[in-house]
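Take a look at this one chain, the form predicted on its own, written out in structure tokens.
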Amino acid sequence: MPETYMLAIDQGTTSSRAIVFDHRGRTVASAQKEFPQHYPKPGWVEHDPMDIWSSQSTVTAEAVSKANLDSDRIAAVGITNQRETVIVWDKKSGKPIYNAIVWQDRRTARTCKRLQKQLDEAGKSDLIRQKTGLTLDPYFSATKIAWILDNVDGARQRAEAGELLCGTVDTWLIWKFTGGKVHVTDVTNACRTLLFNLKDECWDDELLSLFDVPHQMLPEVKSCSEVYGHISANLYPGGVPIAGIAGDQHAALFGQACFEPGMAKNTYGTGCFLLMQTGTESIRSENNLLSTIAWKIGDTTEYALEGSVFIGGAVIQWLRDELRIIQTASECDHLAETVSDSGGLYLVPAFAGLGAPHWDPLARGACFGITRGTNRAHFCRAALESIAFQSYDLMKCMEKDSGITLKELRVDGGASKSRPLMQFQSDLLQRDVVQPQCIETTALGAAYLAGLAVGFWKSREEILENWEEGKRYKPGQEGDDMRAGLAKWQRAVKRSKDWLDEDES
């Protein structure tokens, strides 16, 4: 019998990827394509939904073709996606009525402040956190959906008449891959919308009313590992079951085999996302982290604590694309290693506000400590250090909430390839930083979830055997210099938070 493989669709913030994995979790073939980013106004971030679809469908076919596989040799497809990004489209024509509003977008900051004031006055200040485990912030999906309905001519009336559908990127892709037959999401994406009750695991009527989002627009919510539908016969690879869905950070947690409570991973992608598995009990954060669903398999739901950094690896893209002081990410690493430190330069990349633990949508990016001797190598080093500083804040909050001192931090994502970043992170945390042999853990996690649904992998124990350590960074530098640098970074963050007032947002 011919060997079969798993296909992972990994739709990210700046690129779409597809990877074919074998039973050992090794990459057989892959394809990737970047797509345009749109910034219509300061603080606004959009994607063309058709760019998302065309890039993803193209690389999916390309990866399968590179692997020289027919559809019958692909056991199933797992989908993982950028979370919180929302798309609204016409139910009949399938045409989006507006661009996708990306998770980084800050346009609804005032709306969030108004709604929080409304909740405070009603004596329901803690309603959002109680029901969703989240905080009321433009990062999440609900106010984005409402903005589209309120700002596209006729959209609200059409939505209430049942003519429009909405969803996060997983929902959009499944709808497209199944030829408009399946309108679903999974619990990990649903729980990032501000519309989903974390305890009851359903769309919450009180929250739908608060954000003024019609229930009929929303997809059916499923588990992370089951067959949802099949790829349309006119697409390649046609007929293959779609059997796994998880938001990118949840998929990465699963791909890192963080199956036991207290295990944690940090993904260094466009943003940085630190998740700790907390088992079948949801832990409420007292330190401005998020409570979220890690995954649901069968009837069992497991949870996680999460800290979100909005600008992680994206700061390297900013150096490349906007400042144009480097041409590649590897050049950033090389330049950063030519200097012993950042020369007193501290960069706060609050380009989309600040996420956890600050939750300040009005914060703006800032540089402090520029002198006549500051050069591009210092900027590169300061950019890398800014990623590590933000991740340090998350880990300290997570240890306080969980009562667990982490022994090591598992890492993945594109920026985890940066040797100077990973070493600085280890030095700063005074913990081992461990990179797996396969750093494509987001795609791999989606493949694992789909594979469990169709019996490609029989159990988590079988998956656990696939995890292999790639590189381990051990703490080196410590002491007064590191503590002084951390203190200066924290002062820089405070100044970035004070830069704008609400009237300027």
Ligand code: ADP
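All residue numbers are counted from 1 along the displayed sequence. Since this is a predicted model, take the numbers as computed values, not measurements.
This next part talks about the form predicted in complex with the ligand, which is not shown.
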### Task
Could you confirm whether residue 193 comes within 4.5 Å of the ligand in the predicted bound form, counting heavy atoms only?
no
### Message
Whether residue 234 contacts the ligand in the predicted bound form should be assessed with a 4.5 Å heavy atom distance threshold; does it?
### Response
no
### Task
Decide whether residue 313 counts as a contact residue for the ligand in the predicted bound form under a heavy atom distance cut-off of 4.5 Å.
yes
#### Entry: Heavy atom of residue 430 within 4.5 Å of the ligand in the predicted bound form
no
### Query
Which of these residues, 171, 308, 390, 270, gets a heavy atom within 4.5 Å of the ligand in the predicted bound form?
270
### Message
Just to be sure I understand the contacts: of 75, 406, 329, 109, which is the one whose heavy atoms reach within 4.5 angstroms of the ligand in the predicted bound form?
### Response
329
### Task
Name the stretch: of 412-420, 294-302, 398-406, 201-209, exactly one has residues whose heavy atoms fall within 4.5 Å of the ligand in the predicted bound form.
412-420
### Query
Are there residues in 4-22 with a heavy atom within 4.5 Å of the ligand in the predicted bound form, and which are they, in order?
12, 13, 14, 15, 17
